[in-house]
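Have a look below at one chain only, the form predicted on its own, in structure tokens format.
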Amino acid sequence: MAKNRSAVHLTIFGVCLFLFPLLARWISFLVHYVDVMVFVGIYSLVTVGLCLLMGYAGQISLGHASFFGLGAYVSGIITARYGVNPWFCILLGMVVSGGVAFIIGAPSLRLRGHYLAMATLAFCIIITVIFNESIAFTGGPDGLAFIPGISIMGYALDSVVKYYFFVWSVVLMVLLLCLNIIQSRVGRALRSIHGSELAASAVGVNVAKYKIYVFVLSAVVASVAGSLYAHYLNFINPASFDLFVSIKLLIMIILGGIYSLWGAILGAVLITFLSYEWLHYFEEAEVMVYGAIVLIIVIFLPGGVVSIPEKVRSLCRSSKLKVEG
């Protein structure tokens, strides 16, 4: 039943995504938002992986922007400086990010407590320094330019609409994979780990193995997002992958709903539109707005925006019972 419901939701979501750029051709003010939706798709990839790690497995990462950046820089440096095929570089970025995630996660995830959060925080700071200081490779704070675009069997993704369809196709594939994971034995193991590691171990769940598995998977997905980001903009700089971006990714899943993959996408939509369209008017005060959003959500809506329909239904049921009583 749950799989059928997910398939229906995924189909409706896919149809809406397909229709959006077609609709934008007829409604002039929507044209600009196709470009914003490309970034929404890229950030959705990161938040979906982060939701699996934090919402389902209960592990905190404060450095996912670093894996996002690793994918971007591996793809960007090798394609721009050495002319290697972008597809190979995307795969290489996935391998590098997965390997780094395993090296960080293997020791910290075997311990109880928030060691992963501290390790990823330190990793984020270190990797930002490396991006800034390795000027010969990364271009330093000035950034890395002339990153080539992507083509599929000679068909160049050289327009916003073409890239929109490409990015969202990748998002749908990753979302389908993650929905299958959470409805499988692995998903049940992750939820049991989130509930109680001790209880999960008692019923035979290999806690360390599953925690490393989901951490590496989320890092690999973030790396893919980074590569897509680099090949879309043809330019990257360290500010796009620093600690503030990691925090913004956390805000996305908290706002949308940390316990739902759909919430992770909804949070990416809301924060990306806020960030790209409206919050720049606040300039330095932008950080305060993000803080206020988190405060309001944590106090009044801990399940995120995605939980609003269920809350409304619950209120309606309560009102109905009071009337009948």
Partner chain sequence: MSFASQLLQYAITGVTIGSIYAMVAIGFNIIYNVTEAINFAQGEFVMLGGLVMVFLRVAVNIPVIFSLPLTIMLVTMVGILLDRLAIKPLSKPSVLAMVIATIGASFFIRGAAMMLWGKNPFDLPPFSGRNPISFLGAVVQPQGLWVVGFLLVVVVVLTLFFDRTILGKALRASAVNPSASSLVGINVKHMVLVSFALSAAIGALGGIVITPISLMEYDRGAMLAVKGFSACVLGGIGSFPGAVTGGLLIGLIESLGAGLVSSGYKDVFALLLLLLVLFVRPSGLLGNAEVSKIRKF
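Positions refer to the first chain, counted from 1. This is a predicted model, so every value here is computed, not measured.
As for the form predicted in complex with its partner chain, it is not shown, yet the points below apply to it.
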Legend entry - residue 14, heavy atom within 4.5 angstroms of its partner chain in the predicted complex: no
Legend entry - is_contact(residue 51, its partner chain) in the predicted complex, heavy atom dist at most 4.5 Å: no
Inset, instruction - Find out whether any non-hydrogen atom of residue 237 is located within 4.5 angstroms of its partner chain in the predicted complex, and reply yes or no. - result: no
Inset, instruction - Would you check, heavy atoms only and a 4.5 Å threshold, whether residue 65 touches its partner chain in the predicted complex? - result: no
Inset, instruction - Answer yes or no: in the predicted complex, does its partner chain come within 4.5 Å of a heavy atom in every one of 122, 258 and 292? - result: yes
Inset, instruction - Scan 81, 194, 209, 162 and let me know which has any heavy atom within 4.5 Å of its partner chain in the predicted complex. - result: 194
Inset, instruction - May I ask you to choose, among 31, 287, 36, 279, the residue with a heavy atom within 4.5 Å of its partner chain in the predicted complex? - result: 287
Inset, instruction - Would you point out which of 297-305, 21-29, 312-320, 5-13 contains residues with a non-hydrogen atom within 4.5 Å of its partner chain in the predicted complex? - result: 297-305
Legend entry - Contacts with its partner chain in the predicted complex, stretch 117-134 (heavy atom within 4.5 Å): 117, 118, 119, 121, 122, 125, 126, 129, 130, 133, 134
